[in-house]
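Just the one chain here, laid out as structure tokens, in the form predicted alone.
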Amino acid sequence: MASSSGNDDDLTIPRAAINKMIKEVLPNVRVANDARELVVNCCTEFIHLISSEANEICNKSDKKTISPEHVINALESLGFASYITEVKDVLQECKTVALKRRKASSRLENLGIPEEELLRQQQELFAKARQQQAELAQQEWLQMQQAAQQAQMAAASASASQQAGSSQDEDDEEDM
């Protein structure tokens, strides 16, 4: 059995996962909190027992990684042979799901478009984006040029009115 030291608290199955399993298996049954806690502890202890035995079998085989076969052998050596058929079914189901995930994760394969065509489309998009960026830069440059011309014209106009105002002042002084 697992000791009740602080380290074992870190090595338990999440209670939420156990509660979910209990609700799925026994949807119309109420289970007391202490019974749920007992199930968590039993599951944790079972996993420790199986994994320890599988580790010993793995070490005897001079392997460094526990394989599914080691776990199946551990179940048999610990007297849980009746679980082996179901364990093998679950293992096969997990392998199938993992294979489907790997295939689904390859987005290129799912599109049904050859890689060369995707590359060509990508290059077209890049070229279009570069063209749009160049047009935007051209528009900004033209706007800056227009603003500079307007500023020059405004400065020239202000200078002309200032000169006209100073000539008027000189004329007024001469009249006096």
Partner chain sequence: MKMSQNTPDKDEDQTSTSQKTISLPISRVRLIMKSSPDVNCINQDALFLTTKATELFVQHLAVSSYNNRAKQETKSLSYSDLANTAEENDTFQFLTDILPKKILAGDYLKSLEQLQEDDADF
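Here the structure is a predicted model, which is why all the values come from computation and not from measurement. Positions refer to the first chain, counted from 1.
In what follows, reference is made to the form predicted together with its partner chain, a form of this protein that is not presented.
*Asks:* Hey, of 61-69, 147-155, 133-141, 116-124, which bit sits against its partner chain in the model of the complex at 4.5 Å between non-hydrogen atoms?
*Replies:* Within 4.5 Å of the partner lies stretch 61-69.
*Asks:* Although its partner chain is absent from this view, report whether K95 comes within 4.5 Å of it in the model of the complex, heavy atoms only.
*Replies:* Yes - in the model of the complex, heavy atoms of K95 and its partner chain come within 4.5 Å of each other.
*Asks:* I'd like to know if I50 sits close to its partner chain in the model of the complex, meaning any non-hydrogen atom pair within 4.5 angstroms.
*Replies:* Yes, contact at 4.5 Å.
*Asks:* With heavy atoms only and a cut-off of 4.5 Å, decide whether A129 touches its partner chain in the model of the complex.
*Replies:* Flag for A129 set to no.
*Asks:* Within a 4.5 Å heavy atom cut-off, is A160 in contact with its partner chain in the model of the complex?
*Replies:* Looking in the model of the complex, residue contacts with its partner chain do not include A160, since no heavy atom lies within 4.5 Å.
*Asks:* Mind listing which residues of 29-57 have a heavy atom within 4.5 Å of its partner chain in the model of the complex?
*Replies:* Going through 29-57 in order - heavy atoms within 4.5 Å of its partner chain in the model of the complex - the hits are V29, R30, V31, A32, D34, A35, L38, V39, N41, C42, C43, T44, E45, F46, I47, H48, L49, I50, S51, S52, N55.
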